[in-house]
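Okay, so here's just one chain, in structure tokens, the form predicted on its own.
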Amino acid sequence: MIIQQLSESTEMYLKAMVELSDREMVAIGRLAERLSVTAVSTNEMMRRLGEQGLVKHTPYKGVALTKKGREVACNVLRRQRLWECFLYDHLKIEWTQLYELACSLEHATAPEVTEALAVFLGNPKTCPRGNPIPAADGSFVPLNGIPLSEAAVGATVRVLAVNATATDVIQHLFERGLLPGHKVKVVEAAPLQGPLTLCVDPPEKNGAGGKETVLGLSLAEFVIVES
């Protein structure tokens, strides 16, 4: 797949759209929030990307990647998540720092380096945060999960992935043990969109054990659990 040279800013916008929604429309406001930029800046970037045939804008609904845009975005995502694997498995970088450090490397990685890195790592399917790594052709199987914010009260679910990008949010989730592979029981959901009371790693049977924590719904959206 031949990928044209794009600016770092353009790549970040396209990658964020895949992270937020693989196939569906993404609201301009949600994309701006994800990238910590203004809605005005996001609208202008979407206009430029539309002129390049990378996104399609539907008024009052949002924006979606075109086939060409999705190929570019998945290529960026592949580079970033492969670097996460390398940093974590071979350089023993702290889990909470992986996303930010990998982002600084992804934009300067040539296709030849990307594929050599994939071979060196044994072609991993997921990154350390549990998210799927696109194949060289851009394809990947989305996680069969839901945000923790949608899990039913009383349910015990297993964390599949953490798709947060801000280091402080990742650190917050890490400190509460909300990591891939861990089980979480939704103990209580406060009314009026209030926080969730959770028990992380609850005991298999009735008895002491587990770590109780409270998590706001907006943060719970970043934790993907089995559906």
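Keep in mind that this is a model prediction, so the values were computed, not measured. The numbering used is simple: start at 1 and walk along the sequence shown.
As for the form predicted together with the DNA, it is not shown, yet the points below apply to it.
- prompt: Is there any non-hydrogen atom of S218 lying within 4.5 Å of the DNA in the predicted bound form?
  reply: Output for S218 is no: heavy atoms all beyond 4.5 Å of the DNA.
- prompt: Going by a heavy atom distance of 4.5 Å, is S227 a contact of the DNA in the predicted bound form?
  reply: Taking the distances in the predicted bound form, the answer for S227 is no, it never comes within 4.5 Å of the DNA.
query: Any of the heavy atoms of S41 lying within 4.5 Å of the DNA in the predicted bound form?
result: Yes.
- prompt: R48: heavy atom within 4.5 Å of the DNA in the predicted bound form?
  reply: Result yes; R48 sits at the interface with the DNA in the predicted bound form.
- request: Please state whether every one of the three residues S7, S36 and H57 places a non-hydrogen atom within 4.5 angstroms of the DNA in the predicted bound form.
  value: Contact check passed for all of S7, S36 and H57.
- prompt: Residues in which of 59-67, 187-195, 172-180, 159-167 have heavy atoms within 4.5 Å of the DNA in the predicted bound form?
  reply: Result for this chain: 59-67.
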